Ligand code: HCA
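Encoded as structure tokens, the following chain is the form predicted on its own, with no partner shown.
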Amino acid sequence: MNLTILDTTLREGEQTPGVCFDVHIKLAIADLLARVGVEVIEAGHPAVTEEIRRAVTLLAARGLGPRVGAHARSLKSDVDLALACGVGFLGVFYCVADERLEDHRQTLTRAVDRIARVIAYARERRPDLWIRYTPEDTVRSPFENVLTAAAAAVQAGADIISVADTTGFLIPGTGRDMYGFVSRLRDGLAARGAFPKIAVHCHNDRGLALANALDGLRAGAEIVDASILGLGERAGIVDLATLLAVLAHDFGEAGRWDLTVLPELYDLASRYARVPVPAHFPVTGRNAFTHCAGIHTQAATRNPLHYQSLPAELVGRKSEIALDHMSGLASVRYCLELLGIEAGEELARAVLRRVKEVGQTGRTVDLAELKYVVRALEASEGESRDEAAATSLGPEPEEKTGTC
């Protein structure tokens, strides 16, 4: 599969309300993304703030493996700012939906001319630049408008046309699906002698961003946008870790990216975005590879893949057992063995009872706490033995009195 992953955490991700990374954190995130092996890092829209412009410039000069990209409106001033940052990728956007054109008092012909002139200008200034044109809100715009604008953009010098499901509107297997849209767009462009790479940018408003992105790939798209934690406008976009894990494990891309870097990357981005990784999040969530129910854990202790479809090691994780009110004796024994504790039947069952009691309060018992449980039970057993021994001796004899 001829595939490019574009990470847009530093651009789309910063459109998450309240998320703004300091420049030094952006550099650290980019370094980790380079270690993962993503091909493009979209670093920001330089026209938005001076701080973003500075960050894009520093990232572009960093000499990372991935191309560093910048976002731009269809304005020469935006293009000038982006190119001055030294980027190797430029994303130009302009919506050609009828309603938006009316809002801007613009005809389609004039809009297409504007898009083409800006792209030709960027191409003339930087022949080696990767240029992407995005008809914003692509999938809700009249198809002929999108096709006309996209064909003109390619003729002007665009390498990539991005299909943006800006509002998370598409649903696989229906009359409005990404597979159908990408297929139709590719065919329409080919009929006009245009053969750009197709990218997909999928929002998650209906929880279908990943499904739509995969649909796009099946239809021939070659570039997918994603972000750490799926950060982005409203419900965000495709989650990077989930996308990479599925591509590596299920789409023949094993070994292409270093997915063992993902835990470190997500810890860093989550901390400074102040957005916790949800415990049940696929791939990177705390519980993603944790087994709980007794039947599950009994099987998982022998082979985690009995109840996992992804190996935890693929993404730098380990399968784990959670001890709580759902636990069984097998999971307790397994965790005791991890601690090197030999427990007889009576002690193991006592530990299980205590674990269930704690679990009913809404907590799990980790390995550190399990040691304390065992110590407490052993101490309690010791006291019971002492009391039993004292009782078995009977009452002390009364002292005799008298004289010799």
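Being a predicted model, the structure only gives us computed values, none of them experimental. Position 1 is the first residue in the sequence shown; the rest follow in order.
The form predicted together with this ligand exists for this protein as well; it is not shown, and the discussion that follows is about that form.
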Counting only heavy atoms and a 4.5 Å cutoff, which of 164-172, 279-287, 205-213, 238-246 contacts this ligand in the predicted bound form? 164-172
Considering 136, 222, 320, 80, which brings a non-hydrogen atom within 4.5 Å of this ligand in the predicted bound form? 136
Whether residue 93 contacts this ligand in the predicted bound form should be assessed with a 4.5 Å heavy atom distance threshold; does it? yes
Residue 15 within 4.5 Å of this ligand in the predicted bound form, heavy atoms: yes
So, in the predicted bound form, is residue 71 in contact with this ligand at a 4.5 angstroms heavy atom limit? yes
